[in-house]
Ligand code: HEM
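A lone chain, given as structure tokens: the form predicted alone.
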Amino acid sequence: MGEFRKNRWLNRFAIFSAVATWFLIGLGGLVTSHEAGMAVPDWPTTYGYNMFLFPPSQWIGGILYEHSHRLLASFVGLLTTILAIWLWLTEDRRWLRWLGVAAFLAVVLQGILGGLRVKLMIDQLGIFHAALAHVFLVLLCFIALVTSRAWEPVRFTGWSVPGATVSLIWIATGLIFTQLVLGASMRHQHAGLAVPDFPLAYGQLWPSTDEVFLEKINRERIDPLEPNPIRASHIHLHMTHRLGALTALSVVVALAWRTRRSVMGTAPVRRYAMGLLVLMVIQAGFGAWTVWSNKAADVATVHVLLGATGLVAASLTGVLSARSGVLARIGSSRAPFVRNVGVKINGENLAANTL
């Protein structure tokens, strides 16, 4: 059991790092929702100041969101560095030590992408920046999981998840991640309100994208000050995101139904699947609310955070379910040899099983 000896404080630190990253993603959502990504036009300095010495009196408007995002990102980078060193010095599992190194490299790359987004003013870099943020969050949550008692083999005794159900969990996870990438693409291409009504789209199931229609809707923009005109690609991206949401929700519904039928009642994955379903329904509601509220910053940010939470929930459910199956197969292949031994009790010969 030495491999699974738990360092309680290491696990708590990993959880704290993951929570800080979750808040960082939320703050990043506020930056994009408030169109504050270029509120601070230089990097790594802030208006020529060392970012840690920038006067609080100048934290106003969009600068507040962007500068706070940079400071919290630096804090998460520090936490990740400490976590990687802590894992390397104390963890017996070699793969987990290298996972800490991977987390450190990911947070460095994330910082570079954020800086290049400012220096080069390329929106597409913001999409990669957002996608990597979610992958990084899942990685930290996984480290928190495997350093907890929930990872011990004894926790999986008596239950396992069929392979087909595990595959369905991973499909749901992939769809949720795809939705997050599509959402990031919408935000960074200013396509969040390319279709301003819901559940219909300009009063249709699928709106037209011909030049006459595009010219008409750009003349009647909800926000006439928006400098970026709506293009056909924006509408297609927005509608793809809606279809993706419906597909992901349908798969999660199927997953919840399947786990109730194929997994024994005591298996925690049944609760995880139902929790994921509730989370996805709420997420869909906030997606609709984002449109109805004209992309209100707080509503859009909650939508982003719920998406990140759903990705973590689906990913860890998949990992735990896969582990249950692996441990069940190992247990079957190592089933102890059973032999009958004659035991004489009260003058009678009885058979006793010894392991």
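Don't overthink the numbering: it's just position in the shown sequence, from 1. For clarity, every value in this text was computed on a predicted model and none was experimentally measured.
Beyond the structure shown, there is the form predicted in complex with this ligand, which is absent from this document and is the topic of what follows.
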### Task
Report the residue, out of E152, E215, D92, D123, that has at least one non-hydrogen atom within 4.5 angstroms of this ligand in the predicted bound form.
D123
### Interface residue in the predicted bound form among L276, L83, I230, L180, criterion: non-hydrogen atom within 4.5 angstroms of this ligand
L180
### Query
Among 267 to 275, 112 to 120, 152 to 160, 84 to 92, which stretch has residues with heavy atoms no more than 4.5 Å from this ligand in the predicted bound form?
112 to 120
### 4.5 angstroms heavy atom contact with this ligand in the predicted bound form for T32
yes
### Query
Heavy atom to heavy atom, is H234 within 4.5 Å of this ligand in the predicted bound form?
no
### Query
Closest heavy atom of A73 to this ligand in the predicted bound form, within 4.5 Å or not?
yes
### Query
Just to confirm, G287 within 4.5 Å of this ligand in the predicted bound form by heavy atoms?
yes
#### Entry: Contact set, 171 to 188 vs this ligand in the predicted bound form - heavy atom within 4.5 angstroms
I176, Q179, L180, G183, A184, M186, R187, H188
